[in-house]
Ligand SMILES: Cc1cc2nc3c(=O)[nH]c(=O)nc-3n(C[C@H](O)[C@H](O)[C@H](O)COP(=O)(O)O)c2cc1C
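Single chain ahead, by itself, as structure tokens, in the form predicted on its own.
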């Protein structure tokens, strides 16, 4: 029986020893099922990936956790929110090639996503996102008078949050156009690793 004869399940991909029988469509569908669930499930491990960018002025790689806000299988696009004054925005403007790293303890899966990033600060999508965010506790995160990373001194109150109705927000959308996925599944029966590209390439790699 080929592994394609067995159903895929949410906890993992059913594979035989000849894992090359798993098709590109089966593997990508399973991975994107997890990615599209993550933004809507606060308990999903992939809701908070690590975003790595190239730092400015020879600062080297910069990594930080972001919150996944949406995932679109049809377009291979991921999105997150940030403060438009965050250093990551300048880093992306200078070098848009980034990587997102996901780890799921439940699945024992690691997913490294190489993508081209774009910072969106004033589109209709940003306006719509702000209309949702402004009603939540997170609104204050985008209303600070000082940018992220601002050095505070004792008695410095310059980072106090304003009211959503009285101050310009700094919310921006980070859009990641996925180019390549590197998937690693850890298992006592043998680890498995594959590289997938947006244009349909599937390569099985040594774990």
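Residue numbers count along the first chain shown, from 1. Source: prediction; values computed, not measured.
The same protein also exists as the form predicted in complex with the named molecule; that form is not shown, yet it is the one meant from here on.
Proximity to the named molecule in the predicted bound form, defined as a heavy atom within 4.5 Å, singles out one entry of 145, 37, 64, 177, which is 64. Comment: the named molecule is not present in this chain, but in the predicted bound form one of 130, 103, 76, 81 has a heavy atom within 4.5 Å of it, namely 81. Not displayed here, the named molecule is approached by residue 48 to within 4.5 Å at the level of heavy atoms in the predicted bound form. When the named molecule is considered in the predicted bound form, residue 87 lines it closely, a heavy atom lying within 4.5 Å. You can rule out all but one of 177 to 185, 23 to 31, 37 to 45, 64 to 72: in the predicted bound form, only 64 to 72 has residues with a heavy atom within 4.5 Å of the named molecule.
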